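We begin with a single chain expressed as structure tokens, specifically the form predicted on its own.
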Amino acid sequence: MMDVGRHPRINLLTYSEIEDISGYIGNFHVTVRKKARYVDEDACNACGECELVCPVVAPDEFQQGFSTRKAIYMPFPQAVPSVYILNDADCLGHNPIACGKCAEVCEKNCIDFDMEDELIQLDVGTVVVATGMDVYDPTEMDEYGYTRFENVVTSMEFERLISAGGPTEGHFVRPTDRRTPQRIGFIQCVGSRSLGSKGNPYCSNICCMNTVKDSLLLKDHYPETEITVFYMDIRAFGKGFEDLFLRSKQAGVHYIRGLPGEIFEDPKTKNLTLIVEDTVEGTIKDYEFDLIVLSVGVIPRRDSNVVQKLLTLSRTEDGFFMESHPKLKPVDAPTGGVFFAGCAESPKDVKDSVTQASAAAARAQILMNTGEISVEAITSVCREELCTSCGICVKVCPFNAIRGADAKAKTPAEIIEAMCKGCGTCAAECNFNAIMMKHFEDAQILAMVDAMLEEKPLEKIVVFACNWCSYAGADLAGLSRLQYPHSQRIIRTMCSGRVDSEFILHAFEKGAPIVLVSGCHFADCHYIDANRWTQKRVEKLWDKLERMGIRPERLQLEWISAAEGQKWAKTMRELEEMRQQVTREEVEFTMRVLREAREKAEAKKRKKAAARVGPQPKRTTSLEAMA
């Protein structure tokens, strides 16, 4: 961070937060709020006289609450810039001034109680999201006694206790009696790999090796310390990590495969007793320790939803940001010009974070040096003569690529081609056919439906498959030589969001017994949340079909990923069984009802169009004109 602060081409804004980001790739406009420090950065020399006279005492967040700080304080050692900050929430008050002692002792007159937040406007070409991560709070896992026993600490609190810059200046003590613990137990996977209501189902990646490092650190400083680690699995993947694990075992650290069920505390000695099932020996044993360390997992930033809305990003089920493609574009966000670095995208150690940061910087540099971008060939186009400025397309676009569409000002929708990714959700939701999608036009898709059902329609199942997941899942099923009926006829669309209700009704009107709409799982949508509009559209169609006397079960909706070839084959077998139960009479009834409804709607539409044009003047013949 000190190197960053000194770099002539890097503008470092500390104690600041982004309020708004607008624009698109190569043309982002960023609004940054630089918070008031109430201390002049240029004049302050960090002498510390203000901190000495401040009467306020508050818990020090950097030291995990093991020590205190004043209302005016240095955030952490080697902070950049090396300037004090006055915490407005802790200060006794400066409007009017209730204390003012810090201002009185400052010889350089650095304290300015009238300082206000500053809004900074920036125009940038690319954005790198490196928001980091938060640490799991084990309060809800009360079986480990974190809220009841003072000598149960988290791995983050342990780091501060043993650090030379910590509250005890590197002298490792336990919180209750300030003596050096002789028996220390580490409990792994606290908040990680939990399938119940508590914790998270994913592996946090760094916890095992962090514990191995901590155990070696303790053995180096306190060789007589007895250390026991309770674990499910030790995951020591990475260069040199297995050797580090073996070094820890050779140093005398005991590893027991099994997690504690209960923890008890001796009221007099404050020692802790653990009841653990050793899954290797198949026995239940009691262990007594002076200190317990909970190796807590990592979680996404708690305020990541704010960043998600600012940049129109998508997140996985775990809550981390989802990359554009896990293999081909591992640092690119679905939104053009946005890249990921570090634990914003998934839990990582330092080495992997640095690697991804270098990749993100390289990707951004390539884009900036090029000076121009290649956009998707499959983008949407607004036909202004048909646009009614209803604004539905603006609402449904997952990339905020459509603006305008103001009914009051009567401005048609404007599609920013550089932002459009070609999902086609806007075209499917538009009620006036004002939006056309290149290469996936309505006429093209309807022509494919006609060709499929031209002969023997009762023997075929029409499938609309998403390009990125369902279509790839079908391909995997074929490559894996999985056996399933061949009755389905697939129409590939870039996203299930492109599947217009008209396509489905047209297929039924042409005699299709079963129609399947298939796309990505909600958390894996290549177009952020476009498939959620697919579900809403299909649910409306189910209600409409039921009102018309048509079985809604004949329209199916399935989420199938590119890795689920087995699910694709199973779905096709189930659909074939359903197809065989659909009778010719049922299909003919469906065709007649839908044809009548379509003709009625077209007649109503012609009547409205004629009403808008108004009555035409009577035409006169040449003889009438002469008279």
Partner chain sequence: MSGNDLRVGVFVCECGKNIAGSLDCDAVKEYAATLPDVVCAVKNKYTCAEPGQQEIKKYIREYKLNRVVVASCTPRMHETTFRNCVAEAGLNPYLMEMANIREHCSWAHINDWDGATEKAKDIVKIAVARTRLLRPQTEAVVPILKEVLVIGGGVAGIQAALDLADAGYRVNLVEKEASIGGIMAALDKTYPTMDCSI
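All values derive from a computational prediction rather than experimental measurement. Positions refer to the first chain, counted from 1. In this text, rigid core is short for the largest set of C-alphas that superpose within 1.5 Å between two forms.
The same protein has a further form, the form predicted together with its partner chain, not shown here; the description that follows concerns it.
Student: Verify the contact flag for residue 410: yes if a non-hydrogen atom of it lies within 4.5 Å of a non-hydrogen atom of its partner chain in the predicted complex, no if not.
Tutor: Contact check for residue 410: no, nothing within 4.5 Å of its partner chain in the predicted complex.
Student: Applying a 4.5 Å heavy atom distance criterion, does residue 249 contact its partner chain in the predicted complex?
Tutor: Although its partner chain is absent here, residue 249 would stay clear of it in the predicted complex, with no heavy atoms inside 4.5 Å.
Student: With a cut-off of 4.5 Å between heavy atoms, is residue 294 one of the residues that contacts its partner chain in the predicted complex?
Tutor: Contact with its partner chain, no.
Student: Does the 4.5 Å heavy atom contact test between residue 570 and its partner chain in the predicted complex come out positive?
Tutor: Looking in the predicted complex, residue contacts with its partner chain do not include residue 570, since no heavy atom lies within 4.5 Å.
Student: Could you work out which of 284, 164, 119, 98 is the residue within 4.5 angstroms of its partner chain in the predicted complex, going by heavy atoms?
Tutor: Answer to the contact question: 164.
Student: Of 53, 582, 56, 32, which residue is found within 4.5 angstroms of its partner chain in the predicted complex when only non-hydrogen atoms are counted?
Tutor: So the residue touching its partner chain in the predicted complex, by this definition, is 32.
Student: Report the stretch among 401 to 409, 276 to 284, 137 to 145, 340 to 348 that approaches its partner chain in the predicted complex to within 4.5 Å, counting heavy atoms only.
Tutor: That would be stretch 340 to 348.
Student: Every residue in 239, 365 and 478 with a non-hydrogen atom within 4.5 Å of its partner chain in the predicted complex?
Tutor: Yes, each of 239, 365 and 478 comes within 4.5 Å of its partner chain in the predicted complex.
Student: Counting only heavy atoms, which residues in 443 to 468 are within 4.5 Å of its partner chain in the predicted complex?
Tutor: Residues within 4.5 Å: 443, 444, 447, 448, 451, 452, 454, 455, 460, 467, 468.
Student: Once the two forms are fit on the core, has residue 374 moved its CA by at least 2 Å between this form and the one not shown?
Tutor: Yes, its C-alpha moves 2 Å or more.
Student: Quick one: once the rigid core is lined up, does residue 563 have its C-alpha move by 2 Å or more between this form and the one not shown?
Tutor: Yes, the C-alpha moves 2 Å or more.
Student: Once you compare with this form, do the C-alpha atoms of residue 24 and residue 526 lie closer or farther in the predicted complex, given a change of 3 Å or more?
Tutor: Pair moves closer in the predicted complex.
Student: Knowing the Cα distance between residue 27 and residue 526 changes 3 Å or more in the predicted complex, does it shrink or grow relative to here?
Tutor: The answer is closer, because the C-alphas of residue 27 and residue 526 approach each other in the predicted complex by 3 Å or more.
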